[in-house]
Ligand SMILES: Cc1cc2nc3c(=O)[nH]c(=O)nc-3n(C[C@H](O)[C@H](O)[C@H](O)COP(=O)(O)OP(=O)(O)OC[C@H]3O[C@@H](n4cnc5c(N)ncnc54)[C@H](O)[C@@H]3O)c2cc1C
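The chain below stands alone and is given as structure tokens, in the form predicted on its own.
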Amino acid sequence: MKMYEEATVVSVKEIAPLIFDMTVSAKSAKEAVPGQFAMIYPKNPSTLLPRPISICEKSDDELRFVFRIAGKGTKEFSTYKKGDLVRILAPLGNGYDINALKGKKVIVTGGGIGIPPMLELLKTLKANGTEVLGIFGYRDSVLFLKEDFEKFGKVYIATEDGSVGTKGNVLDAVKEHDIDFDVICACGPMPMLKAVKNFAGEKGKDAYISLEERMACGVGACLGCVCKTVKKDVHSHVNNARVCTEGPVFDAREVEI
């Protein structure tokens, strides 16, 4: 169940250029599942809206966020020190269905700032006895979180410039290594998610994708993060769903992207 709370900053560090790793102590951590996110509220009154940031890792009493500085809000978060208080609303969204993935061969894949939320998913699936591996796409040789992922399973890398691993995107790595799978779980930029949806469809495989959208409230009230769906919503009777509540994780067959 989601809750507002004043979380306490445990640590903040820069792990790559403009990429920061922040851990907070939070009661809401106990309820979080892989694929969910939090709304984090800046203290600066001129920064009106909270920022949605995916949960990278969790324990019973801590949440870990890895984010890129993209504006005033995330810039502020990067300056926090141990002991600072930060207001959060968490956990939000639906997350991945871990039980539905059990007994299947699963590829966990992420691109860019869509990589961090896949760490908790890979870790949880591994602990659940699921056959899983990770494939992650980076722009260049700055491979943030790579060592974290390698603690929990086999990892393949794709880079746009070819400096590490497969030259190209995550699907190029799947093809290069001839990886067999039943399901792909993906988070990343929209072109990547479109490609994953199409690739899984061509192979007759399942794909679950986590959509990245701008959000103002995170609780479904503002309708600012609506995506187009194949089926009509039972309440509004239109082909829309709210990414913050019905998502961010969707069966790729159910969304039009």
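Bear in mind the structure is a predicted one, so any value in this text is a computation, not a measurement. Quick note: we count residues from 1 along the sequence shown, nothing fancier.
Below, we turn to the form predicted together with the ligand, even though it does not appear here.
> Which pick from Thr74, Asn94, Thr166, Thr130 sits with a heavy atom within 4.5 Å of the ligand in the predicted bound form?
Replying inline: Of the listed residues, the single hit is Thr74.
> Pick from Ala32, Leu193, Val66, Ala207: which has a non-hydrogen atom within 4.5 Å of the ligand in the predicted bound form?
Replying inline: Selected option: Val66.
>> Within 4.5 Å, heavy atoms only: does Glu213 come near the ligand in the predicted bound form?
In response: Yes, Glu213 sits close enough to the ligand in the predicted bound form that at least one of its heavy atoms falls within 4.5 Å.
> So, in the predicted bound form, is Gly188 in contact with the ligand at a 4.5 angstroms heavy atom limit?
Replying inline: Gly188 lies outside the contact set for the ligand.
> Quick one: is Ala173 in contact with the ligand in the predicted bound form, heavy atoms, 4.5 Å cut-off?
Replying inline: The answer is no: Ala173 has no heavy atom within 4.5 Å of the ligand.
> Just to confirm, Arg51 within 4.5 Å of the ligand in the predicted bound form by heavy atoms?
Replying inline: Arg51 belongs to the contact set for the ligand.
> Do all of Phe37, Ala70 and Pro248 end up near the ligand in the predicted bound form, with near meaning a heavy atom within 4.5 Å?
Replying inline: The answer is yes: all three residues contact the partner (heavy atom, 4.5 Å cut-off).
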